[in-house]
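The chain below stands alone, shown as structure tokens; this is the form predicted on its own.
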């Protein structure tokens, strides 16, 4: 029965969706201080290649490689964030987009390490490694009525789902903390925030580094989910995709980019017959959103409305009981 419900194709799409949600949240974090960064694809590539190379050449466990890849991307985020603090708006976007392209060109030309445009293959696959581990412990997917392939896709999806839940929980908690309030103050009025004693440099670099770390984390997971990466996976179009997650869903609340990532990952699968016009459709979506609803589909008012409806429904159910 379980085997009939588990479709590897749907699980694969769901896994890509979860990776994109992490990337959407990374954009949300940098935007939370008013910084429009388009370097997320570059940081994603750094995390992916770092983790892949460490696990291939040094036989490190996948979790260790993923953590190191994310930390390395976060450290580079600090290096890039410090000199770009004085830039704002489109100037920051252009510089960070250029940084992402520089990273991609390095991946293409450093053939002795990255295999160039051919890409890296033979990357340890998280699903297969987990299957190997559970088999050594005496467990077989057949015990659940699953084939090996079904178990692999299901395991990857569940691991990513747990990670996404933790990421959303962590950054929602951060939003309610002193750090989140400082981010909001800087976004509303940087000069007023500074006059109130908020360390602008520290918090802007922190937001930039967190966004870079999360992008690198998503990239490392992406590498071990597919077992193959190439520089084309981290080109400028990926940076645009991540930006559109926030533009469509909304960048005021964490659920906005998450919804944008969910919708825009599902859309190409539903509309495969017009996949060649994908970026034309994205362009139309951006224009329409900027005119009709520049704050995105989900903003603070929408979240408050949902909370009110949920509270009222809960009170009615409580009264009825």
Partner chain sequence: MLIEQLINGITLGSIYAIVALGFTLVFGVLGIVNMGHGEIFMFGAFIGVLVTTTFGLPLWLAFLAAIIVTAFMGYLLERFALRPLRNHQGSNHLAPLISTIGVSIFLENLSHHLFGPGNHPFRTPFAEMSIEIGSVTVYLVQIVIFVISLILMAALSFWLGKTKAGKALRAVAENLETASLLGVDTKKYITLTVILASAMGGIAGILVGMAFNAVTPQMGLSMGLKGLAIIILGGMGNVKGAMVGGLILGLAETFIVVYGDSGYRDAIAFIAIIVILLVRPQGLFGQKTSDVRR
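Positions refer to the first chain, counted from 1. None of the values given here were measured: they were computed from a predicted structure.
Omitted here: the form predicted in complex with the partner chain. The next part is about that form.
Although the partner is absent here, residue 280 is a contact residue: one of its heavy atoms lies within 4.5 angstroms of the partner chain in the predicted complex. Mapping the unseen interface onto this chain, residue 286 counts among the residues with a heavy atom inside 4.5 Å of the partner chain in the predicted complex. Using a 4.5 angstroms threshold between heavy atoms, residue 201 stays clear of the partner chain in the predicted complex. Residue contact with the partner chain in the predicted complex: residue 179 places no heavy atom within 4.5 Å of it. Only one of the listed residues (163, 206, 87, 185) places a non-hydrogen atom within 4.5 angstroms of the partner chain in the predicted complex, and that residue is 87. Just one of 139, 228, 110, 170 comes within 4.5 Å of the partner chain in the predicted complex, counting any heavy atom, and that one is 110.
Every member of the trio 236, 243 and 247 reaches the partner chain in the predicted complex with some non-hydrogen atom inside 4.5 Å. In short, of 149 to 157, 211 to 219, 115 to 123, 89 to 97 it is 89 to 97 that has heavy atoms within 4.5 Å of the partner chain in the predicted complex.
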